[in-house]
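Next up: just one chain, as structure tokens, the form predicted on its own.
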């Protein structure tokens, strides 16, 4: 990446932050409140109505919080990355630049700001006695980085396809909803029937949820054998998504 591209990426990043989070009086506030509202709703439904059990003595609030927030970050990053070409259509038609920078800025801004909110919530939960091990952040932040790399790769592929197939963004939301409920975010993996548990565990986001809970709830900071595999999968997804994007990007000017 040239110095010009890095400067352009920095400008795009600042634009994403300003437009999405600082461009209105409620932008930044809603970015923090939305996950908290969902967390409160899930806590009420699962502990008061369904009276869910099986959390090994852990607080349901902490159990869900450590995995829900990064999932919402990934979900938002995929959605914003997918429509990045449309958001930068005017510039794409007029200026020659690496189009992938727009996706990097969209995904990067989302993950950065959501990670900041995540750390604040973890500190509040720890102070409130919810059993959060803040030392686990030394594992949690690299896990976020691995997820960010994987999501960036998928977002690159979806952003390229969205230019030619405009229904991608509309299909994405229900697909993400299905993936969320197939991921052990609101429930522990141990509650999944043994016959389908390996399939649920194979979900990359299941690795994310498990590693975050292992570090932040149980205080285990040692590396796992699956960590290297997760990093390799993330790099493969990124490389594949980037290859698709670069193959299609020369034709964007005619369709955006």
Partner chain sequence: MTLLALAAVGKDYARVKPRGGRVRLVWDLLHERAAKDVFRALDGVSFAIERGESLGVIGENGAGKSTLLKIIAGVIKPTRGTVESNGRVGALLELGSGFHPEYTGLANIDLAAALLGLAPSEIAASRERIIDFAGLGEHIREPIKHYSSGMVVRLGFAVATALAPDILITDEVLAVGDESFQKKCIAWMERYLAEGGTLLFCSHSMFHVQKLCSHAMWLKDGCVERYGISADVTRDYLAYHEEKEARAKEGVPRARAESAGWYAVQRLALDADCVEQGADLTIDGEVYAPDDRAPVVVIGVVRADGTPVFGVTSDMDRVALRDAGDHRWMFRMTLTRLPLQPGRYAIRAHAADPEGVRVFDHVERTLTVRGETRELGLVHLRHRWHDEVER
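Residue numbers count along the first chain shown, from 1. Quick caveat: nothing in here was measured; it's all calculated off a predicted structure.
There is another form of the same protein, the form predicted together with the partner chain; it is not shown, and what comes next is about it.
S.K.: Any idea which of 175-183, 118-126, 85-93, 138-146 reaches within 4.5 Å of the partner chain in the model of the complex, heavy atoms considered?
M.R.: Going by heavy atoms within 4.5 Å, the stretch is 85-93.
S.K.: Within 4.5 Å of the partner chain in the model of the complex, heavy atoms considered, which of 163, 150, 74, 132?
M.R.: Contact residue from the list: 163.
S.K.: How about residue 104: is it within 4.5 Å of the partner chain in the model of the complex, going by heavy atoms?
M.R.: Close contact is absent here: in the model of the complex, residue 104 is far from the partner chain, nothing within 4.5 Å, heavy atoms only.
S.K.: I'd like to know if residue 233 sits close to the partner chain in the model of the complex, meaning any non-hydrogen atom pair within 4.5 angstroms.
M.R.: Looking in the model of the complex, residue contacts with the partner chain do not include residue 233, since no heavy atom lies within 4.5 Å.
S.K.: Find out whether any non-hydrogen atom of residue 244 is located within 4.5 angstroms of the partner chain in the model of the complex, and reply yes or no.
M.R.: Yes, residue 244 lies within 4.5 Å of the partner chain in the model of the complex.
S.K.: Would you check, heavy atoms only and a 4.5 Å threshold, whether residue 237 touches the partner chain in the model of the complex?
M.R.: Heavy-atom contact with the partner chain at 4.5 Å: absent for residue 237.
S.K.: Quick one: name the residues from 117-152 with any non-hydrogen atom within 4.5 angstroms of the partner chain in the model of the complex.
M.R.: Heavy-atom contacts within 4.5 Å come from no residue here.
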